[in-house]
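Have a look below at one chain only, the form predicted on its own, in structure tokens format.
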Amino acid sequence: MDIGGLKVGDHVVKEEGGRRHLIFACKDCPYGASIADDLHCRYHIISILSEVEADLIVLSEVYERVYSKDQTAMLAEIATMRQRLNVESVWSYAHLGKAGKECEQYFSERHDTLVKIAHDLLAFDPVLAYLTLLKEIKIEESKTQSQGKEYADCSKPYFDTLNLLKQRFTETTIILKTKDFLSKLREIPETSQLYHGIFEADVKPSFIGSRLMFKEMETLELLDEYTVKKATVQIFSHPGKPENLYFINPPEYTLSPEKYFVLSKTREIVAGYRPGKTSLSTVAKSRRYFERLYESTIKDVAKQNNIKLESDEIIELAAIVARYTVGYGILEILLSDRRLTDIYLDSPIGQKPLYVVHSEFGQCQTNILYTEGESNSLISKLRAMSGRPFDEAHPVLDFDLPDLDTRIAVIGPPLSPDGTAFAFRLHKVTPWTLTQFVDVNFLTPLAAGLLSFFIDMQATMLITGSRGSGKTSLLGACLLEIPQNARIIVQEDTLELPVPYMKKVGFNVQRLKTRSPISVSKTETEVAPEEALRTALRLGDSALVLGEIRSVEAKVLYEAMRVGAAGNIVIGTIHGDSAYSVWDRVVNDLGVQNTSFKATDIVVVARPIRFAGSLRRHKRVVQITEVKKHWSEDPEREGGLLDLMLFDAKKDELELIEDNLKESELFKKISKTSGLSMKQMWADIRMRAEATAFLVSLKNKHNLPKLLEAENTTVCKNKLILLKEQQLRESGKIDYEEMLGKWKYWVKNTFLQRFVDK
């Protein structure tokens, strides 16, 4: 947190995330920067809290100690109590005893005792003040009993004052938290250990805005633990919360004071070494340049200040500086965790921890409190890198971070009245494959075989589902089923499909990037989706893939499909929850004619399932439906939607509706264009299903997750295609059982060896 300009011992109140931060400049202070350890520090804070209101206390030196809202409130209670006692002047004449010479002989000592308890000790050490008070009450009770009624009458005002103080003390949270423990003590203890149990600060580097919280960890159940960019990630379940907790502990939060000093000085020196307005790809390439630059600076700073650092420590510190200068700060660690699918920062920033969606543990609350300062810095970086505006006239910024395979959407006022908010969608670094989907029960081997067959036969397919249902990932997996001798044109408004990876493994893919669907920039230069689609149709005979059908481009697409201009397989995604909802959206919302919609052959529906009402969501393909051609107005009412496979939640299985196959028009069409009989088509489908199941079984048997990655499943699929072509050349027909046997033998005895030998 920036506190530039403050002198030693100075304080300032800053508003952050709807909370008032009382920040003290503690560097080179004569006392320690710890409420628990240093009574002078407590005195200074309690004194200031009597003048200002605060929600959090921050003690800033080479690193910051941040005390929570509850801890700050405890000290504020003491400050308020001290101020009230001061106004009431509890050490005044009337509180010391009755008037008269006999009583006044005790006034001086009693005055000093009350001032010590209610003024001096209360600010330095409220627990000790309370214990001293209890001791004084016992002494006074003893005197009253031993010296008789006359002394008791004389001392009554003083005794009443002591009991009033006791009541005030026992109403404070600090005393309530320690009362049971203190009541068992015979002697006044060293109170610093008590304060350690009450005032445990969150510690963070001073140049980092985000605060990490590690409270209640001892009450949590550890579910998983792993490392991302040298940061420890722990997943916990909470006994009182329905969502899991995602805790990270990066190395920069646990360094020695000497290393914090080196980091802070280095960051000051390199503050001007910023890449400025450039593309993200350029920043990614220049990251190593900046890290080398920072390594040299760190080495010089350490040498000048007689701080010994090993070479690996210098490299680690340089990476941290790069993370918080040319990188994305603490978000970079989350964006590098490829087990996450989404990251959310809701407005107002800093009021609640950010939360994530984990591929295995679902939605999790993190231990990270992001700050407005970091938010503003990130927005400035995104504006510079994208060349797009973000202000009240343009309150939406939609952008891809290609160096981190992430899409980011930022909204601000007036669209978001509570301030800026962020949503990050992390793309899988390698694309999902149908075999991986079978492995996680997203679909069955038979469903995978059926989809693969339809793609090979150039059926027109739409994949539908809600956000987060897996439809885009399934689209990417279907792309990998397109034969590698075909050309593919991919059109997207957000770059989610794994085009660069597909090129690396041998596919011929051309990507078209269209205007963002949520952009409100009036200076937008990107091509509209419908114009890009018209261009795509002029780029030659190609499989056409639409990342998502959203608007007027649907009319262009269906016009092309009707006249056969696409000339090949057409596949895309669209929001919906059933085959019927896809028709309703395309026809009634997007204005496509019924006759044009019939160009769709297959609708695949994906949906998150909550089994038995569980909070946890499991992604599943729930419907594979054929769109028949002989209906007029409403496909559902007129039998135009033929379910080929439907999901049974009780069995957790996508089941084939065999009786419906007799009514299929698509299989008859494929039979006419390919010459395959129904028996041959299903032999082909079941062969693909068995091949998929075989790879999954080998992966599980040998614990080889990599076997199911696209780079390997593509090689296996190509081998199957080549075996089929070989049979056709040699005999003019296909023996699917024999072909599958040869393929399995090749996989086990040739292909698998490249993994087993390692």
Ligand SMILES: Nc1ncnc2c1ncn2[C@@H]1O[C@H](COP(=O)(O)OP(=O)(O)OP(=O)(O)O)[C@@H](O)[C@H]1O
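Just count from 1 along the sequence shown to find any residue number. Here the structure is a predicted model, which means the values were calculated and not measured.
Omitted here: the form predicted in complex with this ligand. The next part is about that form.
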Residue among F453, F442, F507, F199 with a heavy atom within 4.5 Å of this ligand in the model of the complex: F442
This ligand: the contacting residue among T341, N367, T172, T420 in the model of the complex [heavy atom, 4.5 Å]: T341
One stretch from 76-84, 255-263, 92-100, 429-437 that, in the model of the complex, holds residues within 4.5 Å of this ligand by heavy atom: 429-437
This ligand contact in the model of the complex: E492, any heavy atom under 4.5 Å: no
Non-hydrogen atom contact R467 with this ligand in the model of the complex at 4.5 angstroms: yes
R534: touches this ligand in the model of the complex, heavy atom cutoff 4.5 angstroms: no
Contact label in the model of the complex: T600 to this ligand, heavy atom within 4.5 Å: no
Residues of 637-660 having any heavy atom within 4.5 Å of this ligand in the model of the complex, listed in sequence order: none
